[in-house]
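Before any questions on binding or motion, here is one chain by itself as C-alpha cells, the form predicted on its own.
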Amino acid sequence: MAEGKNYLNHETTIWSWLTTVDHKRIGLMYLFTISCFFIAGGVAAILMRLELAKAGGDLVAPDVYNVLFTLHGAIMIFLFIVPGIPATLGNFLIPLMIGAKDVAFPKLNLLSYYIYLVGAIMALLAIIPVDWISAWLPEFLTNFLTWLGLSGPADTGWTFYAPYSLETGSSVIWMTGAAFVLGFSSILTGLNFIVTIHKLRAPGMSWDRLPVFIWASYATAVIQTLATPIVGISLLLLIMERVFGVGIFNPDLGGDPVLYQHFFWFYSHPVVYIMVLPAFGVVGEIIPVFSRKPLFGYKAICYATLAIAVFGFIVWAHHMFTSGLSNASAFYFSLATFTVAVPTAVKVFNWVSTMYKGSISFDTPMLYAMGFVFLFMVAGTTGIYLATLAVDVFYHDTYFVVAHFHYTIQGGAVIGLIAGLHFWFPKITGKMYNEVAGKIGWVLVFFGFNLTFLPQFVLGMNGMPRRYYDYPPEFEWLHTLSTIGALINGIGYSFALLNMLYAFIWGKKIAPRNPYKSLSLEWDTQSPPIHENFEETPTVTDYPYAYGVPVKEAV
C-alpha cells in the first residue's frame, strides 16, 4: 500500500466500512459483491454448457437446466451487469473526475448499496429448492417456506414471460420481487449521479470539458432514472397477477401476455445501454491515453452518447417482430433500430481515428479496449440481421440471438468493466498488477469468448432454437466447440481477476500517482486517493482537446 493516509486506511474497522459514506469505499463494496455474483452466474453458465457439450442430456435433468438458465440470466443481468460499471467505477471515479469531494448525497449512496443487498438476498431465497429437499425438511418448515411462496427455484428465464410465469409453481414472486427492489437501488444511484454531475463540478469544469466517462455515466443515470420504474411497475403487476388473479397478463382472465412483453422490453432495451454506455466511456478514456493522441471528435462522441440514450427508448419492439405487430409498427421499429447504428458508428469511427498513426502501447487496458471495439462491431453488425424483418422471422429465438446478445453484453459491458478495472487499478489500490499475467488473461478471455459464441451464430443460422435442453446430433460438434470456448473464457476471467486480487492483497509494486500520464483529474491526487479526494479543490483551465495526453505531447 502507498505510504501515508488514504481512503483504505483512513479507518480500519469493519464497522467503518459498513457505515461508510465515502464513495470510493462504497464502490469497492459494490465491486466485491457483484464479483461474487459474477462467479455464481458464471458457474451456472459453465454447467449449462457442459450439459450442452454432448447431445442426449446426461449431466442435469431438464427442470434443473431450466433453473440454471434462469439463475444465469437473472444473476448476470440484475445483480452483476446492470449495477456493473455505474455502481463500481462510477461510484469511485465520478467525484474524482469532476474534482468533487464526494457524490451529492453520500448517505443515499450507502442506502442504495443496502437496498441492492436486500434485493440480492431476495434473489438468493428464490433459488432455494424447497420442492427438491422437502423430504429432508421438517414438515412445519416446508409448510412455512411454501406459505412464503418459496416452493422451488425460479425457472422462467430472466424475462419472466407470462403466461408461464403466472402458472409455474416455482418462486417467481421472490425473484421478480428481487428485481423490483434492485430497481430502487438503480434509480437512487442514477439520481445521485445526475445531481453530482450537475452541481459538484470543479471550477472551470464546464460541460464541454467533461471526460467522456462522465458523459457516458450521465446518460446512463438518465436512463436508470426514467426506464427503471417501467420494469418495476411491470414486475409489480406480475406479482399482483399471481397473488390476486387480477387478469392483466393472464389470457384466461381477459389479460394480454403480449402487453407484458411491451412493458418488459420498454425497460429492457434501454437497460442494454445502462450496461453498455458506461463501457463506451471507459474505452473513450483508455484509447487516447495508450495511443498518445487526443481523442478524435470529442464533441461528436459526447453527442453520440446522448443520442444512443434517446434511441434506446424508441426501439423496444424489435424484440417482438414475431408477436403479431402490425406491418406499420414492425416497419417503424425496424427503421428505428437501423438508425441506432449511426451514433454507434460515430463512436467506433472516432476510436479508430484516435488510434490511427498513434504511438500505441499495448498494455493490458489497451488490449481489452481494442478487444471491446472489435467485439462490439461484431455485435452491431449481427444486430442488423435481427433488425431486418424478413431475416428476424427466421433467426428469432435461435442461437443467433444468444450469440448477438452476448457479443453486446459480455463483449461490451463485461469486457469494458475488466478494461476499466485494469486501467484504474493503480488509482484504486495504489498497487501495480503483473502486466504479463494481465496479457495472458486477455488472450484467454478474447480467444475463449470468440470460440464460445462464433459457433452459436452458425447454430442459429442452421435453425437451432435457444433455451433447449437437448438437440439433434448434427449440432453436437458446434456445441462442443462452444463449451470448450466457455471453459477457456472462464479460465481467462479467473486469471484476470486473481491477478488483480493478488496484486491488491500481496503485491509489492507501488503505483506512481499517474503511471499513464493521463490528463483526467482523478490522476491529480495520490494513489490511492486520500479520504477527501483532493488536498484543495482543483481548478480546470484547459482540458478536452488535448484529451488523454499532456498538451506538449499532443499530436
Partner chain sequence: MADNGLGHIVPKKTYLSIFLALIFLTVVTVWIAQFDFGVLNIVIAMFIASIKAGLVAMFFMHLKYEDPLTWVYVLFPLFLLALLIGGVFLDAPFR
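Just so we're clear, the structure is a prediction, and the values are computed from it rather than from any experiment. Positions refer to the first chain, counted from 1.
What follows is about the form predicted in complex with the partner chain, which we do not show.
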Contacting member of 325, 451, 115, 122, with respect to the partner chain in the predicted complex [4.5 Å, heavy atom]: 325
Residue among 424, 78, 316, 215 with a heavy atom within 4.5 Å of the partner chain in the predicted complex: 316
Contact flag, residue 258 vs the partner chain in the predicted complex, heavy atom cut 4.5 Å: yes
Any non-hydrogen atom of residue 205 within 4.5 angstroms of the partner chain in the predicted complex: no
Residue 406 within 4.5 Å of the partner chain in the predicted complex, heavy atoms: no
Non-hydrogen atom contact residue 262 with the partner chain in the predicted complex at 4.5 angstroms: yes
13, 17 and 209 all contacting the partner chain in the predicted complex, non-hydrogen atom within 4.5 Å: no
Stretch from 139-147, 197-205, 414-422, 272-280 whose residues place a heavy atom within 4.5 Å of the partner chain in the predicted complex: 197-205
Heavy atom contacts to the partner chain in the predicted complex at 4.5 Å, residues of 226-240 in sequence order: 226, 230
